[in-house]
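Alright, two takes on the same chain below, each alone as structure tokens: structure 1 and structure 2.
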Structure 1
Amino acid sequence: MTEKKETREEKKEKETKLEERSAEENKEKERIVVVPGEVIASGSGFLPGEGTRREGQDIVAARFGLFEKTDKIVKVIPLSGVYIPRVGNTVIGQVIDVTFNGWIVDILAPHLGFLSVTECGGYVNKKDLTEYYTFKDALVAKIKAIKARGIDLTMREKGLRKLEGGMLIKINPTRVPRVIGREGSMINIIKDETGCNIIVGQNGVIWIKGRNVEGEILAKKAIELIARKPFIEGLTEKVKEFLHKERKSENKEAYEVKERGERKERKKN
């Protein structure tokens, strides 16, 4: 018993440390919103990173987003918009078509994803691919390659599978890092508090499966809260508070329902 307590305290300490660190880092990195065409740095001392472009001596923002400078590289982090796929990203998609040699998966990107039979992770009878994955199945897959014609997916890795049951929600893909948190801190809080199994796709699709619907809805609400207010300070604390409050009211409701039921029974008796 004492051991358990200690570990819990240790965990808390770790969390607070992590938060402090992230707060410090946030202070160091001054983040400002830039618009396309804005000069964000000049001189040859800087290198243009993602979302930027060099124009003579200046580095210019090529898209709308948050400007970030790390060492020499300047980049623009997107604030809004559709998911732009990157090789190695884990995404959640839905099978929308079955062809003779694979499945076509909608991953909510500018192009469709294609999962070949050789990449599906397991032996498949080629005569009928629908036995394996069929229309409307939700899959967790990894992006293997990006070609002009489409996006090649793979499922030959640990943790990549078909999702059964649960619910899928969609948030803006630019909010995904906040939902996951530093080293998974945010998502772990939601998982612990709601007892749900959650998988976050880089494309903004999130799969939630819990023991009961109430837990799933609570997790959904918490994620939507993060997606709605990604810039407020102390977000982790706010989410914790929110989850505690919701759970309390939920317990109260459940208790009240139970009580009412008991009263009715008493009356009957």
Structure 2
Amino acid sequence: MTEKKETREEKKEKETKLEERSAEENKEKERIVVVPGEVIASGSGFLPGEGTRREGQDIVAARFGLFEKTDKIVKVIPLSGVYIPRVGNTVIGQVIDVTFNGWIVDILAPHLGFLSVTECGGYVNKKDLTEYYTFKDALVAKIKAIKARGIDLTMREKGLRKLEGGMLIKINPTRVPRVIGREGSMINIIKDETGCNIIVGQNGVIWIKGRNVEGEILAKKAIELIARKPFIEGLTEKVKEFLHKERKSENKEAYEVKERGERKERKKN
């Protein structure tokens, strides 16, 4: 009796996994490319989101990109373009100048960011601000306000800090939603498979820090793969396959290096 019960449970578990995989694949297939002026939804049951506009009963694409529907909201994720800053965005920038009351930060936006001493999240010796942040320091900050000729930043929230070690890479900012994935699904896969800590700035700058250089390079390759092919079907599965294949190759290479070393030792003895 116990054996039959376990068999049924195993069968149910397999069916659940298949259903989840099918649902994930269907989500990927929804990623279709649309062009400006193309009707992507009709009727009052849908609401226009980012990159779309309403024309009568229709919602049309306002730019070239990927169609996405979340509940009743439809939007278009652009496939190319520059970073357009928005209040509340988390960005990664580099200190390029120090003033008497703060730091000038390049966040790869049309205007430079400014982090004042009151928004840096800690006590600062105003006699020498370089003791806190200095030239070329990489910072994770949040956009507090956007003005005519500048962008005010803040670091007075959890997780906003100076970045130590690791590597910085840059991708087209329009690819950021794809790298993050639905509810962080894609970036979490990369983190789990590479063992890296990864912070994705909405300005397209990404910080990667792992236990070793090999892990960081693998994470970088996976992110670049997504950035190159954001619109292909089944991207999540392709990224998983890529990571598994690369890890298998690395393990094989490490084993071969170890074997060669052991053979040399045996010959010496």
Partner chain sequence: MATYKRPDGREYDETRKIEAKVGVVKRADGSAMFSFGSSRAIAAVYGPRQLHPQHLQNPEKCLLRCYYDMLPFSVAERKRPGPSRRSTEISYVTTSALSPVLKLEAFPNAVIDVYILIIEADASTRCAGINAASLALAHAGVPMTELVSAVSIGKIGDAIVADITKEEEDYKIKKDGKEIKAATDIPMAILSRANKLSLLQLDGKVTLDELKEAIALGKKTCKKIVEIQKQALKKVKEE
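For clarity, a rigid core is taken as the largest C-alpha set superposing within 1.5 Å between two forms. Residue numbering: structure 1 sequence, from 1. Keep in mind that what you see is a predicted model, and the values were worked out from it rather than measured.
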Problem set entry | Number assigned to the form predicted on its own in this pair | 2
For this session: Kindly check if the Cα atom of F46 is displaced 2 angstroms or more between the two structures relative to the superposed rigid core.
Result: yes
Exercise. Rigid core fitted, is the C-alpha displacement of R63 between the two structures 2 Å or more?
Worked result: yes
